[in-house]
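So this one's two forms of a single chain, laid out as structure tokens and tagged structure 1 and structure 2.
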Structure 1
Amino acid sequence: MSLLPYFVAGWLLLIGCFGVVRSRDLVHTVVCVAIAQSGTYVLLLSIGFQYGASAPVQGAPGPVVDPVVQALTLTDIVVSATVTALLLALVIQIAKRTDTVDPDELDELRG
């Protein structure tokens, strides 16, 4: 069992979170959130990987890969695409109303 996929998943999550913290643009923030979410794909696929296993089809000889992990990964991809689309729609509305996407210049959001 290799630990490399787990390190890659953690690295993607950390780089995405670091980008969110250091971002000076709302679109950059959305991209960094998508990168952080892609770390979960790598994590789920590395959890479900088995050496020498085949696809989970009827009558497959030998060990098979767990199909639940694959279904969770596909669900994660769909949720990530939906969240990214929603966040980009919010960025577009903020840009239309305030003519900026710099978070520091958005005085209307301060309480």
Structure 2
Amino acid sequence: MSLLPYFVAGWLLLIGCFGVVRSRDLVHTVVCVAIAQSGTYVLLLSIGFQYGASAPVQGAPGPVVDPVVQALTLTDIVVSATVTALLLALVIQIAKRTDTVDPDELDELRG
């Protein structure tokens, strides 16, 4: 099944979105957003992968895997971490101001 890793990436994106919709707790929502984004890591890394190739550091034996997508994945991880931090800070503010972290209750409070 030579396309399986790509489908895993698509699955992670959709299951992350599913979790966001199903969520009853904003911290859970933030983690689901991070999972949806991790689909892009899997997609990028599987595009650059080659059977039998080693890590993209010179001196490694044989061919190396694609370093450009690995660099993109690193950027992606940093962005994901910063987004998660910012969203968690927002959750703390929401919890303080409304005394709840359930998205449905927020909806009812604000009408």
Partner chain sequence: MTRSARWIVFWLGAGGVGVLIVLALLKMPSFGGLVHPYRELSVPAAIGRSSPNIVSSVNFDQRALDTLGEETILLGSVVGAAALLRPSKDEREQLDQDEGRVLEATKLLGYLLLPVTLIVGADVVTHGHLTPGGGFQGGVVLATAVHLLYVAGSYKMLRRVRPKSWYQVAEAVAAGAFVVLGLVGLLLTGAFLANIFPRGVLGDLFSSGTVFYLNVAVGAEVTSGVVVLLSGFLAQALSVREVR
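Here the structure is a predicted model, which is why all the values come from computation and not from measurement. Structure 1 provides the reference sequence; residues are numbered from 1 along it. We call the rigid core whatever largest set of C-alpha positions still superposes within 1.5 Å between the two forms.
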Legend entry - Selected structure - criterion: the form predicted together with its partner chain: 2
Inset, instruction - For residue 62, give the CA shift between structures 1 and 2 in Å, the superposition being done on the rigid core. - result: 5.5
